[in-house]
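Presented as structure tokens, the chain that follows is alone, the form predicted on its own.
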Amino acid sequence: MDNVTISKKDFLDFVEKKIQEGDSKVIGVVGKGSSYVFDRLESSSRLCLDYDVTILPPKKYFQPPREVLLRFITKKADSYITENANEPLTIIGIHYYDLAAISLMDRAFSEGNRDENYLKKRENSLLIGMYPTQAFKYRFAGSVVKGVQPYKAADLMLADMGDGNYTVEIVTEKGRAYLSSAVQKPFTYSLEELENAKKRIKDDQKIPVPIEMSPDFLVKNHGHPVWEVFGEKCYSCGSCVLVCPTCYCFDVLDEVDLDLKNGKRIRVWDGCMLENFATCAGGHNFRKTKAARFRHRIFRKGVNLPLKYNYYGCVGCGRCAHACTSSIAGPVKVLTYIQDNQ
């Protein structure tokens, strides 16, 4: 992997140039009140790479909250026309844990029956990652994201060197081509200085159980009282799963227009913490209690996804803990409670 240096001013000028060229829609992190969101950039002056966390992860560009899959004429089974709205997309400033989440989603949507709606959007995207420069009190990504997983999704990675420069790690040839017109300087830092810049911001939290041991730890505590104790406090609002970068469950619905002649099939976000998520034909709900749903969410991230993909279903962003009105959703809090109450 090659490294180059770009001053912050030259990087913003480069982003502005890309916006004006219009070859792809440019998305970046921007301020929204006291928070941050990913949004379309009309000017590089709005780009803010010095942020703690965004309200929603960038997965919304690959799995939109509401997406039309096909349109049809009622009573004509062969009338359907599929849709897959996508356009070239560049997303700037994705923290490494959100890139790890995207690599998990890439795996999930490409195995078995490939999800072309998701995969076409990913093929048309270029992702520029960023190591955090601001602390976030709920983040524990450093104790769950290991190895090269973020680099499986990134094309370029930025590290703020603290002296007015970014080091840019060129991860893919696609990223190299994109960056070719930027004003670049030779990489003159040591690798130790680069690693220190990546780890400059320490996490405020750490999971109490080594991530490699969490599947066995959770299985052994399948019957622990924690599920009832925390489930009792849950409002089943679904905030924790809707802000999660690795939750990709969805529902598919048919909507018929008021003329009763035309309709569309849509895909919308769904979540296992919602009361009727597990309701099936006949009205049976096989995760009827809040405790059962709460346990399922934690087990899916800490047991099921690691067994299926060898990726942990939690990347430690801390959004769930921040969004939860009952202050029970954070995996660190759950695992700590179990450990303290053996």
Partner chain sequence: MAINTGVNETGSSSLFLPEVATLIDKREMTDVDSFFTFKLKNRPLGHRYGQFVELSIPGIGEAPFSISSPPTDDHTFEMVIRKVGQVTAAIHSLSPGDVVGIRGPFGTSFPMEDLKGSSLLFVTGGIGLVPARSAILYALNNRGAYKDITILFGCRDPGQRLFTDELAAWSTREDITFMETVDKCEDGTWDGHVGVITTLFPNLKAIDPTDTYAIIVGPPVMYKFVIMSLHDMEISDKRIIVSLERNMKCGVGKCGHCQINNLYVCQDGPVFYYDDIKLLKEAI
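Residue numbers count along the first chain shown, from 1. What you see is a predicted model; the values in this text were computed from it and never measured.
One more form of this protein exists, namely the form predicted together with its partner chain; it is left out here, but the text below deals with it.
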So in the predicted bound form, are D204, E212 and T336 all sitting within 4.5 Å of its partner chain, heavy atoms only?
no
A278 within 4.5 Å of its partner chain in the predicted bound form, heavy atoms
yes
Check T188 for me: does it contact its partner chain in the predicted bound form (non-hydrogen atoms, 4.5 angstroms)?
no
Quick one: does T74 come within 4.5 Å of its partner chain in the predicted bound form, counting heavy atoms only?
yes
C48 near its partner chain in the predicted bound form, any heavy atom under 4.5 Å?
no
Check each of F136, F230, Y96, Y248 and return the one that places a heavy atom within 4.5 angstroms of its partner chain in the predicted bound form.
Y248
Heavy atoms within 4.5 Å of its partner chain in the predicted bound form: which of the stretches 96 to 104, 159 to 167, 266 to 274, 125 to 133 has them?
266 to 274
Of the residues spanning 70 to 109, the ones with some heavy atom within 4.5 Å of its partner chain in the predicted bound form are L70, F72, I73, T74, K75, K76, A77, D78, Y80, I81, T82, E83, N84, A85, N86, E87, A108, F109
